[in-house]
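Below, in structure tokens: the form predicted on its own, a single chain.
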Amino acid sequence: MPLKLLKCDVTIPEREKHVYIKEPGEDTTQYLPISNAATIPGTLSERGCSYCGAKLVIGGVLKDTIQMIHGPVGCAYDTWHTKRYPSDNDNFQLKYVWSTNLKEKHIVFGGEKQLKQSIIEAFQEMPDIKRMFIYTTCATALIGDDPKAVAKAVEKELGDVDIFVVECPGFAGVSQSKGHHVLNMGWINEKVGTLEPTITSPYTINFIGDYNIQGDSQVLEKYFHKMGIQIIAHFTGNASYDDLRGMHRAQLNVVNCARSAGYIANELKKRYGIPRLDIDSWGFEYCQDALRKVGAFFGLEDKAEEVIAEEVAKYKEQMEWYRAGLKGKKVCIWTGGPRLWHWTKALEDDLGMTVVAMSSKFGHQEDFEKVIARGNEGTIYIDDANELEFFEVLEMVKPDLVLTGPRVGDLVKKLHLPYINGHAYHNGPYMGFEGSVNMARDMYNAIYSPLMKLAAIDVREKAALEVGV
């Protein structure tokens, strides 16, 4: 039976529907693991909340925007400095976060006055910043505060500011994916089309679903500029608030992370007729395919080939060297959603590695369809995995490396297995040609580092042998 109940889940038999092992000749529409469903109580989920999906993944990346979290201070702290998304605005978005710092009295009597005071204080303290995102949290949604009304009052009072409210309490939806959707739909409903961008090229795109982790966006932007293509807006890596207001003027939406930002690409197509083109920008071969697709859309095939030739010449030799050391190594990919299917074939085709297990925190059915189609027979696929399942799977597949986030990564290190930060990277960027080399380098260094072997040695036992105890 391809759907599998792991030993650790005997007391939670419903988990069988969330674990799948691919077998020969199967129709994946019959055996897809259930996904985008509420977490089963007691399973120690690794998921984040809706608020986290909106603020941490998308909105908090903007380089010129005050990020005001309307709720207890812990909500702000939890989503600050946990992702490595730099910007060319002196990393403004990494340095600051704002909170209304609600206390018990605000929960009892309402927090709207505190919100208004906090908004005005923030703009006064940052006089050069005229843009703001406000996020609701569980507490402020439950007490019924109306942050949109407060925002409109402040805009009218101050005159030269623009505020966007994301109503994304953590309890909404089943995972951080709900926050992605809320922010996407809110932005296109309220802000897209409210500002006309300056057009400098006959070829224009929005690059959607990339968050400039350790400079990813800036790497890809360099390729597009060499092809003569103007990026109207990044959604949202290294982007400004006003860039995103002009998304309606692009000729093409190039989508990388379909799960976090496919919603706005679809709406831009419906409302403004802008075509959507999905690409993979992780992976040496994938990046070549991506540039060729975009080049073909604009009739810039020659320009695309020039960029590809230049980058391949710089990095191919290094990729081949790393392939020799990584070929045949087994890897687990335990990340959010789309990276499973972005990375699996890239690691296997570019580097000869074998992906033996995959886990998604917030993937939907279409994400599992893609990754299972790209994956090998015998590979384990899990939706919303828990810690005990991770340990059991590690014993089953015995990988050489795990790509995951820091929380699970710390558990993995205790088993003396190397891990690479699949959320924020070790030493990125990881996108594009140079990013593929960086990722291969980090995986190679992790696997061949002597530290893991040294960590497995119990020095107490060695000392006992030396003294003859």
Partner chain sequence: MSLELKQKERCGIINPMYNCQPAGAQFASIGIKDCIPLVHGGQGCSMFVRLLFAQHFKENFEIASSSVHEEAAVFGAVKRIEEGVMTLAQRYPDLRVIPIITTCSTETIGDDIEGTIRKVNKMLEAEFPGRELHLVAVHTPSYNGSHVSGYNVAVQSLTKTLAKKGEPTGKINFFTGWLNPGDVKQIKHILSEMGVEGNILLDTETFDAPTMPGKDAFAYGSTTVEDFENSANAKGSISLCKYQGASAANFLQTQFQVPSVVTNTPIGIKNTDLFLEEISKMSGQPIPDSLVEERGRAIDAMADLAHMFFANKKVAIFGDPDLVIGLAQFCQEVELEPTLLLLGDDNSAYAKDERLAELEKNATAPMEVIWNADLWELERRVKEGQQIDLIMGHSKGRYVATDNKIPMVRVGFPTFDRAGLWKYPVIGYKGAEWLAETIANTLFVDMEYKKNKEWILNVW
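Residue numbers count along the first chain shown, from 1. Computed from a predicted structure; not experimentally measured.
The discussion below concerns the form predicted in complex with its partner chain, not included here.
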Check V154, K226 and A424: does every one of them have a heavy atom within 4.5 Å of its partner chain in the predicted bound form? no
Within 4.5 Å, heavy atoms only, which of K222, K316, K327, K103 is in contact with its partner chain in the predicted bound form? K103
In the predicted bound form, the residue from N89, T82, N189, T194 that sits within 4.5 Å of its partner chain by heavy atoms: T82
At 4.5 Å between heavy atoms, only one of the stretches 211-219, 106-114, 159-167, 235-243 reaches its partner chain in the predicted bound form; which one is it? 106-114
Check whether L388 has any heavy atom within 4.5 Å of a heavy atom of its partner chain in the predicted bound form, and answer yes or no. yes
Is it the case that G48, even though its partner is missing from this view, gets within 4.5 Å of its partner chain in the predicted bound form, heavy atoms only? yes
Taking any heavy atom pair closer than or equal to 4.5 Å as contact, tell me whether I199 reaches its partner chain in the predicted bound form. no
Would K413 count as touching its partner chain in the predicted bound form under a 4.5 Å heavy atom rule? yes
Just to make sure I understand: among 33-67, which residues lie within 4.5 Å of its partner chain in the predicted bound form, judging by heavy atoms? A38, T39, I40, P41, G42, T43, L44, S45, E46, R47, G48, C49, C52, L56
